[in-house]
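Presented below, as structure tokens, is a lone chain in the form predicted alone.
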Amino acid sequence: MADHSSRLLPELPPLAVSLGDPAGIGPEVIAKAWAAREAHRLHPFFAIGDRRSIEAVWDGPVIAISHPAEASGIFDTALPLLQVDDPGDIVAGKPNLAGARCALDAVELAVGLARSGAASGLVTGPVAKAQLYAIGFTHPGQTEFVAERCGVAPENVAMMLVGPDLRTVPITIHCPLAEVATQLTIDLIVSRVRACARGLVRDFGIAVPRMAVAGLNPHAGEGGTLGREEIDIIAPAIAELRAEGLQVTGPLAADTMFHAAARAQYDAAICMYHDQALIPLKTLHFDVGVNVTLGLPLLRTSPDHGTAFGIAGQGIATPRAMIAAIALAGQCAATRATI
């Protein structure tokens, strides 16, 4: 995979990084990412959220800004921060509804800044869905929320999980395993793969993307003896995509798709459900997995981990996935600027 790890061109705006739930590990790993900015040659970014959530877990320099344009000049000496609403008392590891509102407002602001061009893209810190649902959040996750704010239908975006040696895209995401087969349709597969192909070109600079599509059933259905989804849904979708000129192979047996020799044959693996995509990615790249939302008019990444309330405030959270998410956002921003 291409390496664009050098510091980006100075004319590119900074990245917006929402802190996530203030009681989770988001503030800590984002602050640690800033501290590691030179070692990883990170593009300038600014945090969005509550300053006290950072100061509760980190004693490094933080400077408040009123506009993203101020961030690049501050970035070398302090973590720039755009303050949002006051969430009240913050106790690491103990989320509350005020913190959820703060996290949601930070994402909302980050989306607006990225859409306006004031930020090159956004990186979202982890949020607590239970608390978000309690304040009226109706989306399955931040991906769907960002898509709605961009005016993009959920089926036209794709969640790509990215590691150093593997990219995977689940067709169905947060649904019970028992419902996967009923949710799979030809149109959904076609829409997700199209979004993946466009993202590989636009964000990763791959001129002719190669995509391998997994089957749903063991042995990709074994000719229909172990299920007909491959015959009735997946193969017709692949035929439609090939007719459009896309390089798509499959349906393939999922249990033989992820060894090193197989991974060398494609740029992204298209999987039928959540765990089929995330188990191989997390097995290979547990600490550095990045979630990239494809199909949006803006650039969005996030670390592939949650709030980790159990270790919040202890100073032991690893920033590797957050560093990877910020670095990848910078790389993709640079790629978009050259296409």
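Residue positions are given as counts along the sequence shown, with the first one as 1. A quick note: this is a predicted structure, and the numbers were derived from the prediction, not measured.
Not pictured, yet referred to below: the form predicted together with another copy of the chain.
S.K.: Work out which of the listed stretches, 166-174, 144-152, 103-111, 194-202, brings a heavy atom within 4.5 angstroms of another copy of the chain in the predicted bound form.
M.R.: Of the stretches listed, the one contacting the partner is 166-174.
S.K.: Answer yes if any heavy atom of Y273 is within 4.5 Å of a heavy atom of another copy of the chain in the predicted bound form; otherwise answer no.
M.R.: Output for Y273 is yes: heavy atoms within 4.5 Å of another copy of the chain.
S.K.: Heavy atom to heavy atom, is P209 within 4.5 Å of another copy of the chain in the predicted bound form?
M.R.: Output for P209 is no: heavy atoms all beyond 4.5 Å of another copy of the chain.
S.K.: I'd like to know if Q83 sits close to another copy of the chain in the predicted bound form, meaning any non-hydrogen atom pair within 4.5 angstroms.
M.R.: Residue-level check for Q83: no, no contact with another copy of the chain.
S.K.: Using 4.5 Å between non-hydrogen atoms, is L226 touching another copy of the chain in the predicted bound form?
M.R.: Because a heavy atom of L226 falls inside 4.5 Å of another copy of the chain in the predicted bound form, the answer is yes.
S.K.: Going through 272-287, which residues have a heavy atom within 4.5 Å of another copy of the chain in the predicted bound form? Please give them in sequence order.
M.R.: The stretch 272-287, when checked against another copy of the chain in the predicted bound form, contributes Y273, H274, D275, Q276, L278, I279, P280, K282, T283, L284, F286 at the 4.5 Å heavy-atom cut-off.
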